[in-house]
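Listed next as structure tokens is one chain, alone, in the form predicted on its own.
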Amino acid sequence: MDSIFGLQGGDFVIVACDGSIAHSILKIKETEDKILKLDDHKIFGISGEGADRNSFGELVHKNHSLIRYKTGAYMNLKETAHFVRSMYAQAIRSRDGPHQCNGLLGGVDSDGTPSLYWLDYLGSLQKITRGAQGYANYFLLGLLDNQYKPNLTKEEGIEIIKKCIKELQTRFLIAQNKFIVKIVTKQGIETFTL
């Protein structure tokens, strides 16, 4: 029952996720952070079944760190997106089958350029300016298209995220009361709850 959505501004990326963990008809918790910090300027929001989300997220994070330690260099966001896409693609061809989770990868490169990427469990990759995964897809794409404009300020981006949360809380049958929001700028990652 995940909702992950985000947008790219002039010098930042915002990704938001619901904090709910549910099993069958029970809500287990409302404080789950489904947005991983890959490094000081990259985040990866993942939607999907809890076990796949956690194991794939950890796999991406650890391998991303391993490459940095082996090479001594940071991957830029485009390289990271293709790296994550290749991990999805390898999983499809393995005996275990694909990881049943989709993601939004966002961040800001060292030159200050923000980027947001949409990935799915089949290994599809698309560079986007706004998008959603999980149940948010059904409710928010029209709103994001309507409200988005190039070179948004951080304040305008937060207002759009608040409108998205209000839309989900109004229209979605499942109650998603708490959302975790992460904003990536050249200065780092800021986290807060709405």
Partner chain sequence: MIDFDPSSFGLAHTYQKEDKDEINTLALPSAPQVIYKTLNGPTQINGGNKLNNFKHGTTTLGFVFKEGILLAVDSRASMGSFLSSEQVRKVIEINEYLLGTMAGGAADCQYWLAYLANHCRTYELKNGSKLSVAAASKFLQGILIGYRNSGLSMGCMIAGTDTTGQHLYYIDNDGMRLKGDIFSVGSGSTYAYGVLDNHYRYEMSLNEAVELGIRAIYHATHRDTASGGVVRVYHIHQNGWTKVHDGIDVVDLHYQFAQQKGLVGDGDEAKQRLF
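Numbering follows the first chain given and starts at 1. All values reported here derive from a predicted model rather than from experimental measurement.
Keep in mind that the form predicted together with its partner chain is missing from the display, and what follows is about it.
A residue is said to contact a partner when one of its heavy atoms sits within 4.5 Å of a partner heavy atom; residue 32 meets this definition for its partner chain in the predicted complex.
Though the partner is left out of this view, residue 159 does not reach within 4.5 Å of its partner chain in the predicted complex, counting heavy atoms only. Among residues of the shown chain, residue 155 is not one whose heavy atoms approach its partner chain to within 4.5 Å in the predicted complex. Remark: residue 26 counts among the residues lining its partner chain in the predicted complex, judged by a heavy atom distance of 4.5 Å or less. Of the residues given (63, 129, 147, 54), 54 alone sits with a heavy atom within 4.5 Å of its partner chain in the predicted complex.
Note on the interface: of 134 to 142, 121 to 129, 163 to 171, 43 to 51, the segment with non-hydrogen atoms within 4.5 angstroms of its partner chain in the predicted complex is 43 to 51. Contacts of stretch 58 to 77 with its partner chain in the predicted complex, defined by any heavy atom lying within 4.5 Å, are made by 58 alone.
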